[in-house]
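The chain that follows stands alone, in the form predicted alone, written as structure tokens.
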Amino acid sequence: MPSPEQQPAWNTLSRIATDLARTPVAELLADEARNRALRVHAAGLDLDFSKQRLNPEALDALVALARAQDLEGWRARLFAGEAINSTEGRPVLHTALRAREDERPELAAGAVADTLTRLGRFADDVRSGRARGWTGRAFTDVVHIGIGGSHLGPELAVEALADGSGPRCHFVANVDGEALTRALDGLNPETTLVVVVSKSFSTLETRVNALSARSWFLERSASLAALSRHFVAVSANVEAAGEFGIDAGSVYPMWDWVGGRFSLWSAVGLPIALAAGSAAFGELLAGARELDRHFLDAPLEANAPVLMALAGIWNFNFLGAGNLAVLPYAQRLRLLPDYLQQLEMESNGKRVQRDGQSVGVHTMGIVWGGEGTNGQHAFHQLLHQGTRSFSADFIVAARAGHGLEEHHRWLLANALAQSQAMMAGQTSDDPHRAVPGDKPSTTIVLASLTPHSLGALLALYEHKVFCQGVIWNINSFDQWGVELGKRLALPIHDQLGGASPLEQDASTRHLIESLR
């Protein structure tokens, strides 16, 4: 597969970008046919791309680039279960976790259904009080220990969907002991369930936190036998979980064909089912499944994830944007920027193509953001009058999940006003009050924030990431850069404890000695 800049469409897009740079977005909005082409409905989501600096010619050229990079072929290979994670020789089958049984590739058939059935039964038993701790008391709290994809997705979904009907969930990821100490503070071991999530059961942060949680429990229960009633694991390493003290029957599988940042649809999502119920977890999967079907069936020109990806390519590679601001106007989605940071930057923060050759273009920009009107009083000043180029995603829910309608109307008014201000700006004789505008944004509207709409929203971004990786000709499903720091930390850990740091560079050696 050639580099994208070698495709004829790339040169066409460069020319169009030069011409469009002089056209205000407000002027483009005068074309209603163009606006209609940039509005898409998918799986209950309404997406409005009309504030992007796009015209029909640019959109046609972007779609031509996607076709030249064989996006449709790669999409088929993704769903067929081919080993598209080339550096690790693995298929990428997170979509199989939410597919109907008759749609799953053979590799995932049976195992996924069995796991989801077990997961739902256990969650229902905990929520109903049928599953209890070693003293016969019902569980009131869940401590979820993981990191990265084993943490960010479940925490986001619990924050968005928990309705108070299930146990309280506490999430621990950071190896900083303060995180675990605060999570365990005030909890009763008799009513606490601990979920340890690690594919290998050896991830450093998770292992250290899990061992400390184990000690906390044993110091208070004085019973190894009780441990198996209070600890469950999601892991591929059943033997290591058993050595830790977790019964094989309390270990839920993880498969190497599901990457961590795509895993909340699996048993990694156990805290979602515990906090919101197994039916809600099923609806989360159903929303993602409906978006999967749209992604598979809709033509590229009207395909929501494809248009999301193409707008990003257009902004990053042709219009000079270096970052994406994620602006959820929904308090329950306040963790969405954190989740998308990993999904997008770990997936597509790459500098070599699939064949190992250097990429000739910029890949993923920096993802950041914050929720609602809080952001307006923090960083929106930079968005309106700063000198950096960016694009923005606004996410809103048409209906509130509470009874304070006046609050919600003000929330929506602010979301629409911010996207309008970024687009239109304002002129002023006073340069301090002038706002240049012409900042591109996409608005995603959920009818309401439900398990189904959240599932569709997260699947939308997953497929966007995949599409951009295909167009950039990179592997979105490995993360070798993450491994280097982990490896370097091992000798430093020992040197902080007293071993000689003589082989370190001068700066690191000084810092080790200073910290000691």
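Note that this is a predicted model, so its numbers are computed, not measured. Residue numbers run from 1 along the displayed sequence.
Absent from the display: the form predicted in complex with 6-O-phosphono-beta-D-fructofuranose (F6P). The rest refers to it.
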Mark G149 yes when one of its heavy atoms lies within 4.5 Å of a heavy atom of 6-O-phosphono-beta-D-fructofuranose (F6P) in the predicted bound form, and no otherwise.
yes
Could you confirm whether V482 comes within 4.5 Å of 6-O-phosphono-beta-D-fructofuranose (F6P) in the predicted bound form, counting heavy atoms only?
yes
State yes or no: in the predicted bound form, is some non-hydrogen atom of H41 no more than 4.5 angstroms from a non-hydrogen atom of 6-O-phosphono-beta-D-fructofuranose (F6P)?
no
Heavy atoms within 4.5 Å of 6-O-phosphono-beta-D-fructofuranose (F6P) in the predicted bound form: does K199 have any?
yes
Which of 341 to 349, 324 to 332, 293 to 301, 78 to 86 has heavy atoms within 4.5 Å of 6-O-phosphono-beta-D-fructofuranose (F6P) in the predicted bound form?
341 to 349
Interface check vs 6-O-phosphono-beta-D-fructofuranose (F6P) in the predicted bound form: of G369, G287, G269, G260, the one with a heavy atom inside 4.5 Å is G260
Just to be sure I understand the contacts: of T203, T192, S419, S391, which is the one whose heavy atoms reach within 4.5 angstroms of 6-O-phosphono-beta-D-fructofuranose (F6P) in the predicted bound form?
T203
